[in-house]
Each structure stands twice: as C-alpha cells, then as structure tokens.
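Only one chain comes next, encoded as structure tokens, the form predicted on its own.
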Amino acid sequence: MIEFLAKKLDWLDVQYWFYIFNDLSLFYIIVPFFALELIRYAYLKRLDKDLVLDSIANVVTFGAFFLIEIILGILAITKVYYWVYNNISLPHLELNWATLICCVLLADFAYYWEHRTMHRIGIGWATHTVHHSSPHFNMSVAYRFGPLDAIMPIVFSLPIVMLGFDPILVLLSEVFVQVFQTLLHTEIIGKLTKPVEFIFNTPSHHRVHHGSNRQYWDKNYAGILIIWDRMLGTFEPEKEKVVYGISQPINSVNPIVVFFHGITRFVKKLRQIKGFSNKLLAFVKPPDWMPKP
C-alpha cells in the first residue's frame, strides 16, 4: 500500500484524468442529466417560461464569471501562485498517489472554509447570493455565479501551494471539487444509503444548503465530504420540504439583474451605513449586520 501511494505519477496522465472528469463530464453527465431534468419538469407540468429563462440566466452568469476567472486565473496562476510556490513554499512535493489524494482532500477542506466565509461575511454573500437566488434546483443552477466568486478561492488555496503542492495540481483539484458539487444540483436523486450520506455530500445535503427555510440557512457547506460539516457543527439533514431561493427574492430572470443584484444590494447597504469604519466592517461582518444607532 505504501509503495502504491509513493509511486511517482506522470503529469500527462494526471492531467488527462482530470480532463476526463473536470471537462468532459459536461458532455457525458451534466448536459444529458439536465435534459432528463427538463423531461421530468415537463412530466410534472413544471416546465414553464420562468424555469427556462432562469436556466438561460444561469448560463449567462457563468459566461460572465468565466471571463473574470480567465483573467484572474492568468494573473493568479502565472504570477501569485507560482511566486508563492517558488519563493515561500515548503519543499516542492513529488507527484504521486499520496500527494494527489492529499491535494484533493486539502482542496475540499479549503472549499468548506471558503464557502462558509462567503456565507458569513458581507462582501462574500454579496457575490455568492447570486448562486442561491434561483427558486429552482437543477444542474443549470450549478453554473449560476456572482461577479466576485472567482476571488475567494485564491485566498484559501494559497496555503495549499505554500505546503509545496504544484499550483496546477491545486487548480485541478479545486475544479474537481466544483465539478463534484455540480452533480449534486438535482431533485431527481433522493437520499442515498446511510454510509454514503454520512461521509459524502449528496443531492439531499445540498438541497438543504440551497433552502430558504430558516433552519436550513448556513448549513452543509461541504464540497465532496460532508464530514467537514458534521465535525464543525454546520450539518443539517433534509427533513422539511426545501423551499429554494433567498430570504429576499429577486423575482427576476434578467441575467444582468441576477448577476449584479448582490453587489447592488451591498452598495445600497453601504450608503445607509454612517461612518467610514462601519462601512469597512460591513465587508467582513455577517450579511445581516448593521451598526447600532
């Protein structure tokens, strides 16, 4: 077992495996599954204009997010990540099964904290609220992103690079975690077996995360492993029927409104807050925080 974990891996092979899951899964899992969801919506007589336009808005927000991420990716990977990797990281780690598995686990744990932070600070929720604002729950919602959603991962992934993991491996692991989560955005799959539900994030757990029901707020932040939530006190099982969306619905399928509504609301809040220090605090305090009069 130790010999297997220590076996050196070829970079081309590793990149190919990630390519199969991270990139090609869009064609052999996600798009076909979304088509199945549309058939289900039609059968249940829920395939209406609002759902179709909402799904289109999701894709448009992803396009805008992707452009931002390309720019940030070029800057972060070629500049910041590699500067950290070459100057202030621990000794560089060899690519083998042990480092590959550890990098994915660390990326998953970093995602938990990144996700939790985006829910619990003002500027984080200003962008992440976009993802939660849909009143529907299907594969297209997984691609519903806010304008600053590409920034937070950089902050939380840099410590992994500092541990000596190659920046490209860190990036591929982060995408792996995101793609795994994409597969959880569905109502078709119910609860799975107890061992799976106990260890892994599942559609049931992620439905809870998207619930606007008060008991479901700020729960189930996990990417791949739900054990992070169980260990850190943020787990909630799916019991009451989930009502999707946010506490203050945007009631719009306009992609521009969807993409910018969180930032717009945050700017409006800043205008209502008096004092420069209080305005700064609004960025890092919980989303519902307001200074005492």
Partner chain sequence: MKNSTLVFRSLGIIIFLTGLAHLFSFGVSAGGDFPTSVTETDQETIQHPEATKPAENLDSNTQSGKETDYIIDKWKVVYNTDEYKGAIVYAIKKEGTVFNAYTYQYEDENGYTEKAEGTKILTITSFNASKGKGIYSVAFEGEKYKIDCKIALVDENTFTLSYDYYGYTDVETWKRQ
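Numbering follows the first chain given and starts at 1. Quick caveat, the model's predicted, so the values are computed rather than measured.
Just so you know, the form predicted in complex with its partner chain exists too; it's not on screen, but the next bit is about it.
Shown here without its partner, the chain carries Val130, Thr193 and Pro286, none of which come within 4.5 Å of its partner chain in the predicted complex through any heavy atom. Stretch 83-91 is the contacting one of 67-75, 176-184, 216-224, 83-91, since its residues have non-hydrogen atoms within 4.5 Å of its partner chain in the predicted complex. Proximity of Tyr16 to its partner chain in the predicted complex: non-hydrogen atoms within 4.5 Å are present.
Mapping the unseen interface onto this chain, Trp113 counts among the residues with a heavy atom inside 4.5 Å of its partner chain in the predicted complex. The closest heavy atom approach of Met290 to its partner chain in the predicted complex falls outside 4.5 Å. Contact check for Met231: a non-hydrogen atom falls within 4.5 Å of its partner chain in the predicted complex.
Interface residue among Ser212, Ser204, Asn96, Thr117, judged by heavy atoms within 4.5 Å of its partner chain in the predicted complex: Asn96. Contacts of stretch 156-185 with its partner chain in the predicted complex, defined by any heavy atom lying within 4.5 Å, are made by Leu163, Phe165, Asp166, Ile168, listed in sequence order.
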